[in-house]
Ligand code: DLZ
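One chain is shown next in structure tokens, namely the form predicted alone.
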């Protein structure tokens, strides 16, 4: 498990570029909202901590994790430097989990290629609600923090390579 030895909110602050002037979109699934809104709060706080002003953080919601891809596409068509996708899918008794996870993973990957801006995968795919809680501000940190740091670093990488 990726988080077994790493807290999602732990990072070397010196390795994060100053994000002042970056405009970041965040698309949040409403399904499992106690989890996803915690991910959103973590992402927003981390972006602000590293210099993104409130007016440059655009947050929208979509009904569920599957809808993140269209929400991210619509957000990418705005003037943003990156889009963070935040969702949570918890394993159930049917293969629905597999279809949703596969679809959103492929969709976000395709958006990265189509729009040439970072579209960050901040989706929890867990077996239990407890695992989701542990990764949305619990004992394993907050995947929203990790997604925000990823967005900042990828925007800076793009800027560096374009310079």
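Positions refer to the first chain, counted from 1. Keep in mind that this is a model prediction, so the values were computed, not measured.
Keep in mind that the form predicted together with the named molecule is missing from the display, and what follows is about it.
- request: Look at the stretches 112-120, 41-49, 132-140, 95-103 and give the one with heavy atoms within 4.5 Å of the named molecule in the predicted complex.
  value: Result for this chain: 95-103.
- prompt: Going by a heavy atom distance of 4.5 Å, is residue 67 a contact of the named molecule in the predicted complex?
  reply: Contact with the named molecule, yes.
message: Contact with the named molecule in the predicted complex for residue 75, defined as at least one heavy atom pair within 4.5 Å: yes or no?
response: No, residue 75 sits far enough from the named molecule in the predicted complex that none of its heavy atoms falls within 4.5 Å.
query: With a 4.5 Å heavy atom cut-off, would you call residue 80 a contact of the named molecule in the predicted complex?
result: No - in the predicted complex, heavy atoms of residue 80 and the named molecule never come within 4.5 Å of each other.
message: Considering non-hydrogen atoms and a 4.5 Å limit, does the named molecule approach residue 85 in the predicted complex?
response: Contact with the named molecule, no.
- prompt: Going through 32-59 from first to last, which residues have a non-hydrogen atom within 4.5 Å of the named molecule in the predicted complex?
  reply: The stretch touches the partner through 32 alone.
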